[in-house]
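Okay, so here's just one chain, in structure tokens, the form predicted on its own.
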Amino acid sequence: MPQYQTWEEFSRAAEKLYLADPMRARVVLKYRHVNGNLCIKVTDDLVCLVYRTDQAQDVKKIEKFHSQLMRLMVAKESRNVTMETD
């Protein structure tokens, strides 16, 4: 289970994983208040990508990425369009 150190690497890998097979992809967000860590995990049962952070500035990036993934998941149109992440 690769754990990414930079947000950019993780978001690109997670986007590729989701676009490869949207019906199998799952996203999990987990916050641990004890140590202030936020963890986002994207998996398709074969590959599991993890990004952990304790930085407040990363929370907004994760929130934006998560909402874009959710929009793609409920869209009726073709999922061939890549996400726009900054």
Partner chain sequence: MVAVPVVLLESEQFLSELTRLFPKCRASGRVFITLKKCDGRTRSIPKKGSVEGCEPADNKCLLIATDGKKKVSTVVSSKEANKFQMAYSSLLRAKMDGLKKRDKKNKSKKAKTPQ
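Positions refer to the first chain, counted from 1. The shown structure was predicted, so the numbers you read here are calculated from the model rather than taken from an experiment.
Unshown form predicted together with the partner chain; subsequent notes refer to it.
**Student:** So in the predicted bound form, is the partner chain close enough to Met73 to count as touching (4.5 Å, heavy atoms)?
**Tutor:** Yes, Met73 lies within 4.5 Å of the partner chain in the predicted bound form.
**Student:** Please determine whether Leu17 contacts the partner chain in the predicted bound form, using a 4.5 Å cut-off between heavy atoms.
**Tutor:** No, Leu17 is distant from the partner.
**Student:** Do Glu9 and the partner chain share at least one heavy atom pair within 4.5 Å in the predicted bound form?
**Tutor:** Glu9 lies outside the contact set for the partner chain.
**Student:** Would you please decide whether Leu49 lies within 4.5 angstroms of the partner chain in the predicted bound form, comparing each non-hydrogen atom pair?
**Tutor:** Leu49: no contact with the partner chain in the predicted bound form.
**Student:** Could you pull out the residues of 27 to 50 that have any heavy atom within 4.5 Å of the partner chain in the predicted bound form?
**Tutor:** The stretch 27 to 50, when checked against the partner chain in the predicted bound form, contributes Val27, Val28, Leu29, Lys30, Tyr31, Arg32, His33, Val34, Gly36, Asn37, Leu38 at the 4.5 Å heavy-atom cut-off.
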